[in-house]
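A lone chain, given as structure tokens: the form predicted on its own.
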């Protein structure tokens, strides 16, 4: 690997680490601004508004609520970098175990949704670029603008009401049929567990319950892929090398999809990282609407129960995922395009 490439990766890694520290400081400060007093938080952690003063003092000492905010922040940041996210006051278990349970379920939604979004976006973007200023182009733009501008809860609710309840084609709520027995936990991913256990009824039920949330996530995010693909292809179709391929006798349709589309796909590397962030954020609302017990549902439930440790930890985990995705995108983009490393 070239020294410039190594230096580029190290520089991006340092920037990502600084961003993580800033994120933790910002979120920790924000949570303590909106949170109630230490005594009120101790009552929340105790699970009852009527707690003896001695027990309140014990809870404040256990969770460090009696210390200055800056000292709490330093302790929390050191614990974060050691992989310790604390103990959840609601579930009375380590927070990392809850995140390990709910995050894979969200990834089972987000990853297929991103793949579907990119596939639909590339297809519709290429179709719109090849039919520039024709009715097909206007229809594609109208569809992706309508879905892109729609709030996630509206898209999810419409799919749930129309397909789930009115037509009854797909399950409208839950992650799996509650009447089925859960297979043994070989991994953190329910789909892999059902495959390893060869529990096909459970596997089919998981897939059926995933379809509507995945479609909802895809509909709210494919528009940006369509727009970028269309604009990039139109720019490439104005270049000399594209015109030269036409002059050499390459059919226009083949030149569009083999030359223009292939070169227009490079910027999608960075966009996929942004799609990941957008899909994870959208999953918070969509999982709550479909009662799909993933990370989004867990965050909403933590807000309802005023579980500030869970709110802080899950928000930081989501932020770390977004930072990591952007770091990977920057590195891949720099490897593919030397001009980025020079800059």
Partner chain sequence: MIENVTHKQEEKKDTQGKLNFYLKMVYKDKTGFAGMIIVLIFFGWSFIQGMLEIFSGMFSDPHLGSILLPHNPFNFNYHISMQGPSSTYLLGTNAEGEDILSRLLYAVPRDAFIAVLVVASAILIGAVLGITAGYMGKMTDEIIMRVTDAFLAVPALILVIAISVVLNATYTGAIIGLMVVWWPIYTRFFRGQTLKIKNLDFVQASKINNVSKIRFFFRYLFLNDTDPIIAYAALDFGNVILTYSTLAFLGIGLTPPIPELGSMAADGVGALPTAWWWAIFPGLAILVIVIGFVLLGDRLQDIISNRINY
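Numbering follows the first chain given and starts at 1. Remember, it's a predicted structure, so these values are computed and weren't measured experimentally. Note that the rigid core is defined as the largest set of C-alphas that superpose within 1.5 Å between two forms.
Beyond the structure shown, there is the form predicted together with the partner chain, which is absent from this document and is the topic of what follows.
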Discussion item. In the model of the complex, is there a heavy atom of the partner chain that lies within 4.5 Å of any heavy atom of residue 132, even though the partner is absent here?
Written reply: yes
Worksheet item: Hey, in the model of the complex, does residue 10 get a heavy atom within 4.5 angstroms of the partner chain?
Response: no
Practice prompt. May I ask you to check whether residue 288 falls inside a 4.5 Å heavy atom distance of the partner chain in the model of the complex?
Written response: yes
Practice prompt. Classify residue 167 as contacting or not contacting the partner chain in the model of the complex by the rule of any non-hydrogen atom within 4.5 angstroms, answering yes or no.
Written response: no
Worksheet item: Looking at 160, 270, 72, 265, which has any heavy atom no more than 4.5 Å from the partner chain in the model of the complex?
Response: 160
Item to complete: Please determine, with the chain shown alone, which of 74-82, 96-104, 231-239, 198-206 has non-hydrogen atoms within 4.5 Å of the partner chain in the model of the complex.
Response: 231-239
Worksheet entry | Triple contact flag 120, 127 and 329 to the partner chain in the model of the complex, non-hydrogen atom at 4.5 angstroms | no
Worksheet item: Can you tell me which residues in 97-130 come within 4.5 angstroms of the partner chain in the model of the complex, by heavy atoms?
Response: none
Practice prompt. For residue 278, state whether the C-alpha moves by 2 Å or more between the shown form and the other one after rigid core superposition.
Written response: no
Discussion item. So that I can tell if residue 28 moves, could you say whether its C-alpha shifts by at least 2 Å between the shown form and the other one after the core superposition?
Written reply: yes
